[in-house]
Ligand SMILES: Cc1cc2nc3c(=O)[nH]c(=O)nc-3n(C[C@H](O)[C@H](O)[C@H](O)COP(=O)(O)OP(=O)(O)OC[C@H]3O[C@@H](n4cnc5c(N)ncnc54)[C@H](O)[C@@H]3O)c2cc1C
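Taking the form predicted on its own, here's one chain by itself in structure tokens.
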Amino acid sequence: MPTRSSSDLIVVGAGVVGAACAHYAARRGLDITVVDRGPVAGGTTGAGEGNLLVSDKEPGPELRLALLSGRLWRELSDVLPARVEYEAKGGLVVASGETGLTALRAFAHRQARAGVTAEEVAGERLHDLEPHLAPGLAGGYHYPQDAQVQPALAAAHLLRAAGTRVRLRLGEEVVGVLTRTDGTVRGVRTPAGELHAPHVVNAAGTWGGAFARVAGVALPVQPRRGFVLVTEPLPRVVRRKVYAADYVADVASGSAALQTSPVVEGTPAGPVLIGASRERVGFDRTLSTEVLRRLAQGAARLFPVLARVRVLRTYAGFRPYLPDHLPAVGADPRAPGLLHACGHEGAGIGLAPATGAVIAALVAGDEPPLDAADMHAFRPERFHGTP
């Protein structure tokens, strides 16, 4: 039987953000076609750790998006199967000295005024939360709203939960965007033929800038490479996501140079995930022994028990970086009918449900679940230049 070539919405990208856009659009009764040149979660999502964080975000539009997403992830945890490994385990940010703790305290107080729950933990009480932490740390903050999910499974089950309203076209690269004579988008072209819809969503992640150029608009998404170490399966030696306070500064930095800060978290399956590194080197996947050395040393400083643990594998991924550290979410007036849902950098998994809910509301002609000021901050056309 031939596949239907028309739908209400085409989502380009089958990562977790594209899956969330499709999921929430299907909830509104829309028919969606999801197109990806690879498999579900074949890009940045498949290389992610699954972080659902508020702890690393300054007060502002992104934090409000994260708080909304946190509520939606909790709702989704009742809908999606347990195998997506949703864990509301909380996060712990630690400081090695008093200077770092003072800065972390000021940061947490600003967050608290914006609706984040942040609980100060004295240095001598850190072991109550994480018994294997290194001794002598000055203190930290516990963030009970932080959580984790298995990202590839989450993307797959968001699509599956949408039922028959979502059709997948995997292994098909979008090579053109179809428009009417007035410039309005009317679908996409792949090597297999034309797909028609009055709305097209750019959820192509790190490749969102390339797809924007295909659509004739500028969106300066750049890849920001990161490596992750995966240890052998262990008893639960790390209970939460634990990271050093300087990780927050690395997230906010615009530097292209290599930056590393220790980020350690356990998983329900047993392996411990170790990050985090950031550098802009294009799409170069070359293994960097210097990065791996720094990550291993940083993790062992936080959790000395890990110094004796085997690393089974490493992998690299590319975060979709935009210069102002905010995602592009919303309709693009430069190409009516085109919407963007990309540029979330390392926060795409956490921000996916709220992004999907916003896109679905816009496509349905309803008010999005964010105020006008936040939508203005995320507007795709804020970047100028030629595609």
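The numbering used is simple: start at 1 and walk along the sequence shown. Since the model is a prediction, treat every value here as computed from it, not as a measurement.
This protein has a second form, the form predicted in complex with this ligand, left out of what is shown; the following refers to that one.
This ligand is not drawn, but in the model of the complex it has a heavy atom within 4.5 Å of P320. Interface residue remark: T44 is counted as part of the site for this ligand in the model of the complex, having a heavy atom within 4.5 Å. E279 falls outside the set of residues with a heavy atom inside 4.5 Å of this ligand in the model of the complex. Using a 4.5 angstroms limit between non-hydrogen atoms, A14 touches this ligand in the model of the complex. Distance criterion of 4.5 Å from any heavy atom to this ligand in the model of the complex singles out E173 from the list E173, D246, E85, E119. Scanning G330, P61, G70, G50 against this ligand in the model of the complex with a 4.5 Å heavy atom cut-off leaves one residue, G50. Considering this ligand in the model of the complex, the lone stretch of 221-229, 156-164, 303-311, 131-139 in range is 221-229 [heavy atom distance within 4.5 Å]. Residues A203, A204 are the members of 179-204 with a non-hydrogen atom no more than 4.5 angstroms from this ligand in the model of the complex.
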